[in-house]
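This document opens with one chain alone, in structure tokens, the form predicted on its own.
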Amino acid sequence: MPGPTTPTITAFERSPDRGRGLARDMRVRWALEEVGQAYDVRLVSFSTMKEPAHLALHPFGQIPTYEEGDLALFESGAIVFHIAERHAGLLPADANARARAITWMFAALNTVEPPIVERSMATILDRDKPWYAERLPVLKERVQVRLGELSRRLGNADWLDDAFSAADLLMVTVLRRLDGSGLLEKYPNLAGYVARGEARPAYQRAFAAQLAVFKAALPAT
């Protein structure tokens, strides 16, 4: 009888975030570290991601992907959910609490992340556009609306719904995309929430692993 298969994930060979842990493979690394599952990483270049072999795994030519035996997955949220379903520790045992955690997983990726990504991409791609000065405050306001709503819901709680779960893992990685923007600091409870996530040993291991990839890609001096 064949033994368990070590999953393989893909990550950027040269991440555009310069080792800050903002690429979406970080979510998968963190989830695997939380559940104690060993994994392999296959590094891919931007050109490799558009080649047929990678497109067979991820039809949109992005990362991460996840391979385990004859199973191949894409989309970081789906991969984290699969890991949480297969291993104890990332989803509550109680059925109602589990359903709430899954709801928050969707909320992190579908409600909170889109305006954050839209704003960050505009600051990178649209700075030289004539409409940038007028558009940026609109994008900033959309982010602040979501942060205000999330802040009020979180209140003084440590996590979104009692114990840490895959929902918090995803939400923390989403909020980390605001690093350097100054927006998160206006909501001390959210800043503390992110700090609690970053302090988890599993997060620290995942962050160190992805940072090592960036450092290894630096030219020798």
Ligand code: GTB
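For every residue, the number given is its place in the sequence shown, counted from 1. Because the structure is predicted, anything quoted here is derived from the model rather than measured.
A second form of this protein, the form predicted together with S-(P-nitrobenzyl)glutathione, is not displayed here; the remarks below concern that form.
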Pick from Val172, Leu178, Ile63, Leu32: which residue has any heavy atom within 4.5 angstroms of S-(P-nitrobenzyl)glutathione in the predicted complex?
-> Ile63
Choose from 126 to 134, 145 to 153, 96 to 104, 73 to 81 the stretch whose residues reach within 4.5 Å of S-(P-nitrobenzyl)glutathione in the predicted complex, heavy atoms counted.
-> 73 to 81
is_contact(Glu13, S-(P-nitrobenzyl)glutathione) in the predicted complex, heavy atom dist at most 4.5 Å = no
Given that the partner is absent here, does Leu22 sit within 4.5 Å of S-(P-nitrobenzyl)glutathione in the predicted complex, heavy atoms only?
-> yes
If you check in the predicted complex, is Lys186 within 4.5 Å of S-(P-nitrobenzyl)glutathione, heavy atoms only?
-> no
Using 4.5 Å between non-hydrogen atoms, is Met49 touching S-(P-nitrobenzyl)glutathione in the predicted complex?
-> yes
